[in-house]
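What follows is one chain in structure tokens, specifically the form predicted alone.
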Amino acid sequence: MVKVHSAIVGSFPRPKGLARLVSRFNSGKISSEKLEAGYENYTRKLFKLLTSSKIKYVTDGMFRWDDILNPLANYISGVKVDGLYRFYENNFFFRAPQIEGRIKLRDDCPIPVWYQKSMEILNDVAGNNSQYVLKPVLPGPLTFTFNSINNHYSSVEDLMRDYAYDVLRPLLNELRHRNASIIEIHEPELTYDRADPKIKLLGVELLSQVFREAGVKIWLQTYFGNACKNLDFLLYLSKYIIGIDLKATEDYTKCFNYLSELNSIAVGIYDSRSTLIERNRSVYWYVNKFSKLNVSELFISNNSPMDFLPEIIAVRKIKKLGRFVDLYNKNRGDVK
């Protein structure tokens, strides 16, 4: 029987106390040092929740991020950020990068430093326990391109290539130097319906190339779209970890046998867009079915970023997820 791992993907709801600190900093009422202490304090609290819940593959909650594109967009030359746009078909808005010139990662991008700080906090909380894997999170070429306002490039292909080679690649190299072994790439655009198939193929080709060069592993996280309709593109990256939104892939039984061609799969069972708490019986049915796939690793996770949930609900889902997977593995699949 395949080993089942617990995981969370993407962001965790920003705690109200931290949100107040960010607001006070933006209005000039507290120093950057006090804000930094707040980020570290709330990251520590999140890691205590995740480790006590026995979640093995984690993120730092992305507390420093406003959305999947920001603040990264602020550290890319040729980009300005202006205007609010709806994030796909959700009641959630993001600040769109506006492309005004050729893009390139700036030297002052702090994301690798943030990762290292989070790793140090996790090691302190977990006692340098190697069983926990911290994944930095970055937007993929397709998602960055199709959620930007392009005022410079003559083609989306050129924009995607420059993002992959001049933004993503240097970030991957720096994160690898800071001992990141798995990097979580968010590509909801890959399973969404507005990109041409040739553009989607270019997106996965670019990801494969830059990750192969960097020598780190992709955790490709898709959501808001049907994974079965885009299985050809997912299979292109079959040696990596592929995350699917099970709620958006309701007809997964139609492509279930083909999912065995993936090496590792993360099944998004816990719904980040619903306050309903999943029942163990229902989760067990899905996990038991997916555990029969001929894959080397099976991860159970939330299906998309948790920004859409109240913090108290996100906490409950995380605790239930970790407890379920722990019991499932201990009882060899028998969870009562």
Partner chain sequence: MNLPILPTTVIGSYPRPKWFREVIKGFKAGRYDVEALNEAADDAVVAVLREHEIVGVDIPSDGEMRRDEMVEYFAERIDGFKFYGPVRVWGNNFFRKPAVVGKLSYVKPMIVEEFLFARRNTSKQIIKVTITGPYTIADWSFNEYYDSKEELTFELAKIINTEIKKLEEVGALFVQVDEPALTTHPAEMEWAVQAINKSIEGINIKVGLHVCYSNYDILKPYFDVLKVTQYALEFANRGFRDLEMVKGLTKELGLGVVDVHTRRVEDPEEVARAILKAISYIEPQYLYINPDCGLKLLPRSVARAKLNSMVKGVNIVRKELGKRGLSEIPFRTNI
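Computed from a predicted model, the values in this text were never measured in an experiment. Residue numbers count along the first chain shown, from 1.
Just so you know, the form predicted in complex with its partner chain exists too; it's not on screen, but the next bit is about it.
Taking the partner from elsewhere, Glu89 is found to have a heavy atom lying within 4.5 Å of its partner chain in the predicted complex. Proximity of Ala19 to its partner chain in the predicted complex: non-hydrogen atoms within 4.5 Å are present. Although the partner is absent from this view, Val113 stays clear of its partner chain in the predicted complex, with no non-hydrogen atom inside 4.5 angstroms. Interface residue remark: Tyr258 is not counted as part of the site for its partner chain in the predicted complex, having no heavy atom within 4.5 Å. Three-residue candidate spot Asp66, Arg95 and Asp307; every residue lies within 4.5 angstroms of its partner chain in the predicted complex by at least one non-hydrogen atom. Comparing 79 to 87, 221 to 229, 173 to 181, 196 to 204 against its partner chain in the predicted complex, the single stretch with non-hydrogen atoms within 4.5 angstroms of it is 79 to 87. Comment: its partner chain is not present in this chain, but in the predicted complex one of Ser274, Asn41, Ser291, Asn280 has a heavy atom within 4.5 Å of it, namely Ser274.
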